[in-house]
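In the form predicted on its own, a lone chain appears below as structure tokens.
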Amino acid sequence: MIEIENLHVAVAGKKILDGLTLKVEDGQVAAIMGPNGSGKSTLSYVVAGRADYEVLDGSIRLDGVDILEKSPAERAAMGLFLVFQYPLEIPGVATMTFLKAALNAQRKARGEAELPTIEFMKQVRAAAAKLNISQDMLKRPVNVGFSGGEKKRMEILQMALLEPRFSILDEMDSGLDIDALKTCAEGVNALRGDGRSFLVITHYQRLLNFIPPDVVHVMSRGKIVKSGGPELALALEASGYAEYAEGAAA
């Protein structure tokens, strides 16, 4: 699925990722935990293709294809998706227009025909109902006036429609109450399967109670320093990150 080897990344001249190596298998849910400043969000942005992050060395391969020279749109068409920690508002852009444009752009990039409007509407309404997204929300500009929980549910709706091969959930639990977290997690779990993988970035065990991981990695100082099963997350919840926090990246 995705293989990251010896990745070194700098932002504004400061080294953030320092030889990070990570592999997420087909159908696997991998969690990354670690102290503030360890480079977790930087990793998500680099994989997604954010332009102002300088890759100094290393490679990122999705299904065997090196994606570092590809644009964010090309990576998305290959099946990459990022759930942002703080989703942006896009005033003046209707949510339904945005969703249809995103879906059809990816279909076109893969050589598929555009989805007919009736079928598109059917898919959106079915997915929205599962996420408690009202028709009123769908009529608004993208994320404008939404609560934190509503923004996250809208991100999961996008993921449900695009059906990506590899999704990164960057601190998806930030700002969510327990009901919104449960709804979003159910949306993620509904997509789990042999053809899709997830990288869940979080500080807390709470999210992993709802999205159980297959493997847990600890990240510190810009690299993976420890890996284990789900029990590792429980140990971190009990003992904290003190032994990993010294010299964290950013």
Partner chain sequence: MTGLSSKAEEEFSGLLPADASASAKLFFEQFQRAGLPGRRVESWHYSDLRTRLRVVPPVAHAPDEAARGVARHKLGASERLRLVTIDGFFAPELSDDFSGVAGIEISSVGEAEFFGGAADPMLDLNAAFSRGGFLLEIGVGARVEPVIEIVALAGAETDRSRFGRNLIRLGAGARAAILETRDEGFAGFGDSALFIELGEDSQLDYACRCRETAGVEVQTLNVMLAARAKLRAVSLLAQTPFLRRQFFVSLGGEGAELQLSGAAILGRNDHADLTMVVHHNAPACVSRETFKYVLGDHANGVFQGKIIVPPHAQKTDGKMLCRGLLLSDDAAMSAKPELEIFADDVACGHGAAVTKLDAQQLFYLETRGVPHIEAEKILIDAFAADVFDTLASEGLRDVLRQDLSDLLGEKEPAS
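Note that the structure is predicted; figures quoted are calculated from it, not measured. Numbering follows the first chain given and starts at 1.
Only in words, not in the display: the form predicted in complex with the partner chain, which the text now covers.
Would you confirm whether the three residues 50, 105 and 162 all fall within 4.5 Å of the partner chain in the model of the complex, going by non-hydrogen atoms?
Yes, because 50, 105 and 162 each have a heavy atom that approaches the partner chain to within 4.5 Å in the model of the complex.
Work out which of 178, 121, 93, 129 lies within 4.5 Å of the partner chain in the model of the complex, going by heavy atoms.
If I apply the 4.5 Å criterion carefully, the residue I get is 93.
Among 130-138, 169-177, 76-84, 113-121, which stretch has residues whose heavy atoms lie within 4.5 Å of the partner chain in the model of the complex?
Going through the listed ranges, the match is 76-84.
Is there a heavy atom of residue 210 lying 4.5 Å or less from a heavy atom of the partner chain in the model of the complex?
Close contact is absent here: in the model of the complex, residue 210 is far from the partner chain, nothing within 4.5 Å, heavy atoms only.
Since only the chain is shown here, I'm wondering whether residue 72 would be in contact with the partner chain in the model of the complex (any heavy atom pair within 4.5 Å).
It does: once the partner chain is placed as it appears in the model of the complex, residue 72 has a heavy atom within 4.5 Å of it.
With the cut-off set at 4.5 Å between non-hydrogen atoms, does residue 98 touch the partner chain in the model of the complex?
Residue 98: contacts the partner chain in the model of the complex.
Using a 4.5 Å cut-off on heavy atoms, which residues of 212-244 contact the partner chain in the model of the complex?
If the 4.5 Å heavy-atom criterion is applied to the partner chain in the model of the complex, 212-244 yields nothing.
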